[in-house]
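Just the one chain here, laid out as structure tokens, in the form predicted alone.
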Amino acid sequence: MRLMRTSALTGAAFGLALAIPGLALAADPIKIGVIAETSAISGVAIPNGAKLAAEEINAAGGVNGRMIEIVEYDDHNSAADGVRAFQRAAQQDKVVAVIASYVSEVVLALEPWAGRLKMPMITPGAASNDITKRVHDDYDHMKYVFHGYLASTQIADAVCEGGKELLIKQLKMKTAVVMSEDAAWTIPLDEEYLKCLPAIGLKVLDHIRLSPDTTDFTPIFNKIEGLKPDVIITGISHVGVQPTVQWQQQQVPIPMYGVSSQATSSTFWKDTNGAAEGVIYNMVSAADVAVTPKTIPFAAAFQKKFGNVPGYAAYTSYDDVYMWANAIKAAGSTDPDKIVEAMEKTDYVGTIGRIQFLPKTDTFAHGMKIGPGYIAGLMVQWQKGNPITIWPTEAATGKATFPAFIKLPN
């Protein structure tokens, strides 16, 4: 397997050995492994966000006098390649913590290895409920795993919460079709959709699960049009840009609203040749909203360095590097158990909100606290080439608008 390795720092001597147990020479960098899908829009954002954080930490003096080094691996969207990368990171490259993947299947494959190798790991973008459930069910072995994004059930609830204002109150919608890709992360997502959509007043006319390998969406869109729903509620990521491109090409007169991971990157507009116009998707942070004082400065720095607005997993991977650095500093050691203990005490204001992790007794053990004052959701819409936050009202920088081919309820 070809592994790509980059470094946020080329080595140099930074002083004498630190008199802290568990720490090597001050000159030795602290290595953090980043395993991601660098051929995907959402995946490439992960190492980029991490490297930006490392550069900032190093410019400020590092961690206990040691520099952060990002060691990058491409898992090629493969769980098997992800496992091999994880094993190499832990056993050969001697990283002290890992940030891994936005693909639930990859993270779920890595999770047992985090326990076996006692390697602290956090995911910046995978959403499967099982990630945190495993920590809850087998804490002694799985305590090394943290969830740096929302679980699927939580995401669905955020989509529905936004729908109460946007779909029901503003647009007077009454019916919906759920359209999700068949993947681990969408199983709990769809289960929650089917509960929370009727609860807010949207009757679900059909529930369509499609293969992530689907290339022709004509039969799917034809079926949906025949049902005449007011909105299509999406759960798409690995299927790529084709649903959006063909939605526009076929002039499907029904808005798409929900989760679209690829849509979170600013390259999505170019990648769809503008077909993204009108698509509404969930985020926990956005470049046009000061979720915290760190959000907009990070987005601006990311765009300056990489040429595009950060995708959703860039925000989280950036925060994750800071949290690992803080945990290592608090622990005074790179011992994995001490890092985990310090990480569990995290109280950090990042780009996505105030981050605290739930205790081992919670169903979402080592997941982030959600709700007012912690992590909350945004609904963002592509408008004329720009992502515009349209919900919640107090954070909105614009209002929902749609292409001419969209037919809204009377």
Partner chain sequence: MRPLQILIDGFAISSLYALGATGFTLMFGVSGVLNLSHGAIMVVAAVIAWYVAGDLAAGPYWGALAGVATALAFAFITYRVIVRPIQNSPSIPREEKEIFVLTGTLLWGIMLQEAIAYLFTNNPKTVRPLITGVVEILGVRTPINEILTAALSWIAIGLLWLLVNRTRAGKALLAASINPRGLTLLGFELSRIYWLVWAIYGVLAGIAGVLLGAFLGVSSDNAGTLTASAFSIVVLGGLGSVSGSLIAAYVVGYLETLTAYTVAPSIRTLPVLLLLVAVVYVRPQGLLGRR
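Residue numbers count along the first chain shown, from 1. No experiment lies behind these values; they were computed from the predicted model shown.
In what follows, reference is made to the form predicted together with its partner chain, a form of this protein that is not presented.
Segments offered: 299 to 307, 163 to 171, 284 to 292, 242 to 250. Contacting its partner chain in the predicted complex at heavy atom distances within 4.5 Å is 242 to 250. By the criterion of a heavy atom within 4.5 Å, E277 is excluded from the residues contacting its partner chain in the predicted complex. Its partner chain in the predicted complex comes within 4.5 Å of no heavy atom belonging to E69. Put simply, T334 is far from its partner chain in the predicted complex: not one heavy atom of it is within 4.5 Å. When contacts are judged by a 4.5 Å heavy atom cut-off, E192 does not count as touching its partner chain in the predicted complex. Interface residue among A330, V340, I220, V204, judged by heavy atoms within 4.5 Å of its partner chain in the predicted complex: I220. In the predicted complex, no residue of the candidate spot (D157, D320 and K360) has a heavy atom lying within 4.5 Å of its partner chain. Residues of 261 to 278 lying near its partner chain in the predicted complex, listed in sequence order, are Q262, K270, D271, T272, N273, the criterion being any heavy atom within 4.5 Å.
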